[in-house]
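In the form predicted on its own, a lone chain appears below as structure tokens.
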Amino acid sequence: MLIFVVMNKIQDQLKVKTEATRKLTQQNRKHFALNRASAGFTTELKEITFTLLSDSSEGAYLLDVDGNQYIDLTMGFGSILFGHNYAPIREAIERQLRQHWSVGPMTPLAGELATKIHEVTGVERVAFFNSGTEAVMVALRLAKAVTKKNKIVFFKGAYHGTFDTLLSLKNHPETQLAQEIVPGVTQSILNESYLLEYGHENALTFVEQHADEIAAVLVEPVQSRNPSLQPRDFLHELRSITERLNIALIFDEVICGFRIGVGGAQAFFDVKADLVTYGKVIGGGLPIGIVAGKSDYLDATDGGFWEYGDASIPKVKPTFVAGTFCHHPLAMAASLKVLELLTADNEQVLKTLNDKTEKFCQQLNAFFEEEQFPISVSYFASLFRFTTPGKLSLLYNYLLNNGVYIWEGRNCFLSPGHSDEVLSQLLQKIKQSAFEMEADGILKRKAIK
């Protein structure tokens, strides 16, 4: 009974605080089909089930349509690395907007960006798309086209966007084929997808045993939903197996790419993948997806390298890729500026930000441990997540009520805009929320053994 009393209490407070958000959400619901507006729906929390509506942000802060200010830990789902409305990126977009923002003829910026990505990451070739999901989709298509095989492997706990063949959280216990769990994603679509345990020796054995049918192994090297899992030895062994058995190793770095360092997870783990997908950070807040990697695979987009003035011709039969906005001038301009900023001063901005995130997360864990609260934080680079089992997930509602915004997927990100002063405020708001949960009987201290 207590939990319902507390839920009603926090609902009443948030209903008053977010009246305009709730009103607009309800007003638009009939015509605006938005999954996030019902994410995590329960009858108990129905009245505060919404996604925040905001039309103003600066640095580490955002304002909702009710005029409430929040410390933002969502940061564009990790795409806003430098902070909201960061002047150098905004100005680069504005300059390009004044000059040219049409598509049709190819913008010269795309070739320039591809070359710079090659220079800073070591990939051989680069292709641009509109989103991380699209990049993953194309990477798998290229792998199947080149290896002439049709099965793919991905791992439990990973997030690869919304491509149908990857939308499953469970597998068949004997065949390991991904199983149908999402309405509209049928079993026939999943029958070419093996879903294995990440970091487990059994997964390596399975890949070896089924190498004649596996075109690609798709890996989120550091899973955004489990950033503490960083299986370096597993990845090295996986690289050895896939390289030996003509299987494409694909690193999905849409979230971790250009975050741990410009070289991404490939440099961090010292593993050279065949293909790598990027997004989020590199776009500076604008939509982008990137497939990069070895020429052997990227050549399947355009036939491969050839030259004017001689007898050379494309040597590879390409698969099909396309998209109206794949090389949008505004996204190209923003990405060029992001690369310039990231590589300045020997990548100092990333080093400082990642050190700041580690220190802050250690402070949080020290607080939770000292107070014997059964909450913890795991982190990688500037990404972190709270572990809030069961009813402790109410923490996010308390945080929202106290001026901290974390989106429904619960990944949190810091930016340079999260100054020491902001982080001090944030730490106090988190502590306040935890103590309020304790006072309300939701959060209980661990028994001392």
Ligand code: PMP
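Residue numbers run from 1 along the displayed sequence. Model, not experiment: these values are computed from the prediction.
One more form of this protein exists, namely the form predicted in complex with the named molecule; it is left out here, but the text below deals with it.
- Between the options Gly199, Gly157, Pro227, Gly161, the residue in contact with the named molecule in the predicted complex by a heavy atom within 4.5 angstroms is Gly161.
- This chain lacks the partner; the member of Gln176, Asn365, Asn191, Ser131 within 4.5 angstroms of the named molecule in the predicted complex by a non-hydrogen atom is Ser131.
- Figure note: of the listed segments 302-310, 248-256, 228-236, 111-119, the one touching the named molecule in the predicted complex, with heavy atoms no more than 4.5 Å away, is 248-256.
- In the predicted complex, the named molecule lies farther than 4.5 Å from every heavy atom of Asp274.
- Residue Lys280 is the only one in 271-297 with at least one heavy atom within 4.5 Å of the named molecule in the predicted complex.
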